[in-house]
Every structure is written in C-alpha cells, then in structure tokens.
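Quick setup: one chain, the form predicted alone, written in structure tokens, and binding and motion questions come after.
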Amino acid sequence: MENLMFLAPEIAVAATGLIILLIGVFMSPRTKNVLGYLATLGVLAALVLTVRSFGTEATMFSGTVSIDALSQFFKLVFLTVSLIVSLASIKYTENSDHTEEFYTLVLFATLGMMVVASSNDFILLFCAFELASFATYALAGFEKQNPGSLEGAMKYFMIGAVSSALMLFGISFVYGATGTTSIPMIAENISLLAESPIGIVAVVLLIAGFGFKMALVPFHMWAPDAYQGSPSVVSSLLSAGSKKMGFVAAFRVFILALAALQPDWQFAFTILAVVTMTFGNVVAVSQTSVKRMLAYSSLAQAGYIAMAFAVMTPMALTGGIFYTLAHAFMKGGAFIAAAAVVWMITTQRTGDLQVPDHLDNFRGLGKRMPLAALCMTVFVFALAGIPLTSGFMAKVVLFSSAVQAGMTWLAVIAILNSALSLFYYARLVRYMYFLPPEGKKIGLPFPYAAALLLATAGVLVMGLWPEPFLQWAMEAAKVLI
C-alpha cells in the first residue's frame, strides 16, 4: 500500500466535497449557509497539509503521480484561490437552494487542478484536466436566469471541448511516436518524436490545446465572455485557478517531456507571449465592464507568464512560477471586489442594473464601500506592477531574466505593456475615489471582507517579503531543469 499521506491534501478536498453534497441534500436553504464555512475549513486543512509536506518527493501509482516541489507549489496556488473563493461564496450562495452543488463543484474543480499539478502521465493529466473543466463549465453557467452567464458558459464549454480534442490529438501523436504516455519515459524516447515530422504536428496541437486553457491569444475567444458572464466568485476561480492549471501542465509537458523539441515550441511561445500581452492590454483600454476589463488584463498577465517558456532560463522559470502565485492573489481578489460591487448594486437597485459591473457603478466606491475600494486599488496597482506589491516583484524577476538571457526586446515590449495597463487601472481608481458616489454608504458583508483582506495580505506579503516565496518558486523550477 502506497503512503497515502502524500495525497492528504487531495483526499481532504475530495472528502469535503462529498460530505457537503451528502449533508446538503437534507438541509433547508436557511441552514445551508453553514456549508460555506465547512468548505472553507476543508480547503484550509488541505492548505495546511500542503505547506507541511513541502520538501517531500515521491512518485506513486507506478510513476503516474509525482509529488515534488513543482506540484506542491501549484497546489498551494490552487488551494489559495479556492480558499478566497469559498470564503466569498458564503455570501454569494446565502439562502440559495443550490449551495451544496456550488461548493461541491468548486471543491472538485480544485481537486482536478491539484491532480493536474502532480500528473506525471498524459492519461492522468487529461482525466484531471477534464474533472476540473467539467466542474468549471457548470459553475460558469450557475446563474440559470442570467442570459450572460449561460452564454459565457456555452462558449466556454464549446471551445473547451475543442481544446480537449486538440490536446488529446496531440497526446495521441506523442504516444504513437514514443509508445508511452509517461512523461519521464517520453523524455527518454523523445528522439523518435524529434526525428519524425509528427513531432512538429504534436507540438502544434499541444500548444493549441494548452493555449485554450492558458487563454493565450488567439485561443482566448471564450475568456472575456466566460469571465464577464459567470458569477464573479466563479470568474475569480476561472482566472486565478483554472488558467494556472494550463500553465503547470504546459511546464511539465513541454519542458520535461518535449525538451528535444525546444527550439520549435520556444519560438511559438515567444510569439504567443508578445501577441497575448499586447492584445490583452490594448483591448482592455476600451472596456466599460470592469469584469471584462479584468478578463482582458488577465490575458495580458498570461502573456507575461508565457515569457517563461520564451526565455527558458532557471531565473525565468522561477519568475513565471512566482508570477502564478502573485497573480492568484491579485486577480482572485480583484474579481471578489467586483463581486462585492455587483452585490451592492443588485441589493440597492441603484446604478446600471443591466451591467452590474459597469464602470459607472464603481463611482465613489471609496465612500460607499471603503474597504472594497481600498482592496481593489491594491489589486489593480499590483497587476500594473507598482512597487511594494507582489506584481512588482514578479515582474522584476521575469523581465530581468529576459534581459539576462539577451532578449532585451522582449523585456522592453513587456514593460511598455505594463505602462499601457496602468492607464485603465488608474481610470478605475479615479472612478472609485475622485467621482461622486451615486448612492448611500453600505456595509461590506463579512465573507467578502474576509476574502478581500486575505487576498490583499497575500499581495502585500509577497511584495514586501518575497524571499520565502521566491525560494519555493526556485525549488519548483529546479524540478524542470
């Protein structure tokens, strides 16, 4: 019997999800509010178990599951996002009939992401990908009365299905050439793939398949609609969680399994990174819906993280991995702040009810909901890369790694993009603090406040005291080199 303690975080998350589903069936909508606290506790327990197991290394189940610094770091990312989302959703699912389904889906999406982080085999990787994807498809369309939510979920589902097919097609080519689905074994037999023209085809298909999950342009079509239409707490999970799942899978597949084909995919990722960050920032400038603006800024952030594949030095990989955790706090928190505003608009019936996250609804937020406005300001400044925030530290490491590798032009493009992003982030801050409010002051519900403070703390701690996090990211990057 293998030592299942290595899988304690996954077991904790799965057990919590099942328990919530089973007891939620027998509860009235009024008493179901306790489920949110139960989910938060389960995620917190898994988070503690993950942090305690840092530094352990093991392979399990005939080498299909690999417990190493990379998988542990990304589990930390996914559980952090899940914790922020579970906390905020306590208010979102209040007095709802479907609380237990909501939390079960969130927890199983998290479970899928955590298994992806540990996958050392293409079959397991694909199954875990699908587990996380199916749960998030359902969550994206959770508001059945809201046509925007249904439209976003439909686009997400259709394009996600295509991306899964492309990914599977790419995997089948790799398997056909090397005769194995195990990532370490593929790395050993990679010469068979590198010599045949199938190798290029496989790389193209895999980049397309993972590109959808990472939301890199031109595979991003679903992202703005899905992020805008989904309930804001779900958008937080999608942008901060499931996007990172694409990155950890791509790190393992391209850098470990397809190392011999590096010139091909490195060139492709360089182009994708430049196009994605530029497109995301340019389009975000013209958005009036805050969630849509955050969605396009999320594309731009994915472009920055993809620079790690373009530069491919240990420092760049450390920066990219560090960026995923920084981004989880910044983007996860920003969508929760948007959720608080949507809640305020819908309960007070003021402002633009058609587009509850419209920029005009953020007018005078500093007076109406001071805490939400303050946290939102921290998040957008972090996303823009203002010093003393996690975003600044992540960009310093990532951009300087490009300069050191002699790709100064890439760093220059990235820095110009960051400067452009400051425009639309500063515009949001101007609306919140310098325009008069359109309604009376309102108290921020405790679950939103707790989630926002947690994310803000993460952003500031990573910015002011980045050493331990960079150390963890370095350990994770060593797995890849």
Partner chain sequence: MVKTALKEFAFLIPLLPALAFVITFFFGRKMSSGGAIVPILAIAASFVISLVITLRLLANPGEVISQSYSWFAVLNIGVLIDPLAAVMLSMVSFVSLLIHIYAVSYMAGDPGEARYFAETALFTAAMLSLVLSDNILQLFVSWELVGLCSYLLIGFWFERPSAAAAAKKAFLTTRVGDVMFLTGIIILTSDLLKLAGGFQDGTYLLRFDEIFSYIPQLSALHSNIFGFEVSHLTIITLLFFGGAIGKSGQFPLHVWLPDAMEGPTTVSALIHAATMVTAGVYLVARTFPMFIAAPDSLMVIAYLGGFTALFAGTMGIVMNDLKRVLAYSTISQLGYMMLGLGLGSAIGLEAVGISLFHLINHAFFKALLFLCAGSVIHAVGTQDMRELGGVRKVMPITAATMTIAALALAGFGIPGTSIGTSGFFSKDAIIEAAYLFGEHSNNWIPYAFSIAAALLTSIYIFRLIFMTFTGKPRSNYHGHESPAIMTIPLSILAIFALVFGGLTKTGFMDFLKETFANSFVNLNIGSLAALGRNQILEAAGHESLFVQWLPMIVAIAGLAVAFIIYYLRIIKLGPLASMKNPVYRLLYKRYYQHEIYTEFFSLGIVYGIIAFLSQVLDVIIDSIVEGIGILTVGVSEELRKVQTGVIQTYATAVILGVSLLIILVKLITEVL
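Quick caveat, the model's predicted, so the values are computed rather than measured. Positions refer to the first chain, counted from 1.
There is another form of this protein, the form predicted in complex with the partner chain, and it is not shown here; the text below is about that form.
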Worksheet, complete the sentence: As a check of understanding, the residue in L383, V341, L272, A250 with any heavy atom within 4.5 Å of the partner chain in the predicted complex should be identified as L272
Discussion item. Which is the contacting stretch out of 200 to 208, 81 to 89, 252 to 260, 326 to 334, given heavy atoms within 4.5 Å of the partner chain in the predicted complex?
Written reply: 200 to 208
Fill in: Any non-hydrogen atom of D360 within 4.5 angstroms of the partner chain in the predicted complex
no
Discussion item. Please determine whether F26 contacts the partner chain in the predicted complex, using a 4.5 Å cut-off between heavy atoms.
Written reply: no
Worksheet item: Does T347 make contact with the partner chain in the predicted complex, using a 4.5 Å heavy atom cut-off?
Response: no
Discussion item. In the predicted complex, does F423 come within 4.5 Å of the partner chain, counting heavy atoms only?
Written reply: yes
Practice prompt. Any residue of 444 to 481 with a heavy atom within 4.5 Å of the partner chain in the predicted complex counts; write them all down in order.
Written response: G463, L464, W465, P466, E467, L470
